[in-house]
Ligand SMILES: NC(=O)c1ccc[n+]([C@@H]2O[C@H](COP(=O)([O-])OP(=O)(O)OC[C@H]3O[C@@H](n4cnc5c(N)ncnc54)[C@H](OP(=O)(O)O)[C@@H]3O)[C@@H](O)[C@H]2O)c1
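Only one chain is given next, in structure tokens, and it is the form predicted on its own.
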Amino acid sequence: MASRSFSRALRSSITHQLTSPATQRRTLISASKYARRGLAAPLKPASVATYQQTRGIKTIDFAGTKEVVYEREDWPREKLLEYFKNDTLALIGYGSQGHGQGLNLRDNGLNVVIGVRKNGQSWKDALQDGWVPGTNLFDVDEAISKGTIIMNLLSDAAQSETWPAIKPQLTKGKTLYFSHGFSPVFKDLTKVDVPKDIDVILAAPKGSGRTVRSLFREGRGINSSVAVYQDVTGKAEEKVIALGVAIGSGYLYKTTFEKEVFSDLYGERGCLMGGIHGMFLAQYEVLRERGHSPSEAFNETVEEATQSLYPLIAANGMDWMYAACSTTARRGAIDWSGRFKDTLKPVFNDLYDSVEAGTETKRSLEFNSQPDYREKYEQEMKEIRELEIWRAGKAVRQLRPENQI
């Protein structure tokens, strides 16, 4: 009965979720080389943080604020195997994060099983990745019954819709794991009220599941946030740090469920995705309206940013990127950055208020639970693909050396 109940709930949600091309192709894309702009010699990168070793963890000074950071070196593979020797990790959902975290756990040698709706797209993806039905691939209810640590990596909307079927199976002694604080923090909207007698923990990679996987395979490891929502055993923090390393994290930063979800929703709508797309469009449209060609407008707006300047910021910081540019570019950027900040800060405050009030959560749950979610989403993606800026970008990308036949 539980299995039927879950399957009905899951089907009503998962069938509306898009399968990312990245989770279908399972390919790694090597980063292309980038050219530095201008003739000015870059400054040597300054040290941004100092640390001292303290009982296997690092106390790091982040611009005057000291924080404790946990690292992968504290949890070598042998220690992970010993720590989790009596555990079965039941990973529920096999989307972007499920795919990346699941494969990393498997490669680390831990006892992990995947739980998804049988014969659905996620089941097929898991088969493609070598998970074996009846061995480490099961329907959701059977996976939960086998698990001591239940890793709920379903989409936010699916977590809400399937919770009535999942909650009764989270019996005393199990641990509930999330990679996003969304469901328990906004429980008034999601109805995800966790049982009071189990540990509830979070490890949230700061990137897509695809990046979690690729950085693990490169031997690096992604940055992740870790948090404890409920500690019944007194070992929840140690457990989530170990699990964070096991899924492929290199460094782990402590936070709370609430702060994680607030910063995540805020960042996605701001500089990470929504804000940057809006700024790209505004700059491109002004250039086109002032008579510039599509290729020139795209190169000056997107190509130079993503292929030349942003990688410099990622490598060594904003000042290093400025130093790598011409004196004219440097002067103009410094002069105008304050005006952009002053103009945009009220928008960012409005955005944070909307996140904090639950407005963004309500909007997400309502939209992503609609029966025609897929059709509406694909229409939005079609409109974005057909924007001139991204049609021009497709032509520009074809000229990159790595895309030449």
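Sequential numbering from 1, following the sequence displayed. Just so we're clear, the structure is a prediction, and the values are computed from it rather than from any experiment.
One more form of this protein, predicted together with this ligand, exists but is not displayed; see below.
In this form the binding site is blocked, since this ligand, overlaid from its pose in the predicted complex, puts three or more atoms within 2.4 angstroms of backbone or C-beta atoms.
Listed stretches are 102 to 110, 148 to 156, 315 to 323, 72 to 80; the contact stretch with this ligand in the predicted complex is 148 to 156, by a heavy atom cutoff of 4.5 Å. Candidate site formed by G93, P205 and S208: every one of these residues places a non-hydrogen atom within 4.5 angstroms of this ligand in the predicted complex.
Between the options L89, I201, L243, V116, the residue in contact with this ligand in the predicted complex by a heavy atom within 4.5 angstroms is V116. Note on the partner interface in the predicted complex: the residue among N136, S214, S122, T190 having a heavy atom within 4.5 angstroms of this ligand is S122.
Shown alone here, S179 lies within 4.5 Å of this ligand in the predicted complex, counting heavy atoms only. At a distance threshold of 4.5 angstroms between non-hydrogen atoms, K362 is out of contact with this ligand in the predicted complex. For the chain shown alone, R374 is a contact residue for this ligand in the predicted complex, at least one non-hydrogen atom being within 4.5 angstroms.
Looking at G98, you'd find a heavy atom of it within 4.5 angstroms of this ligand in the predicted complex.
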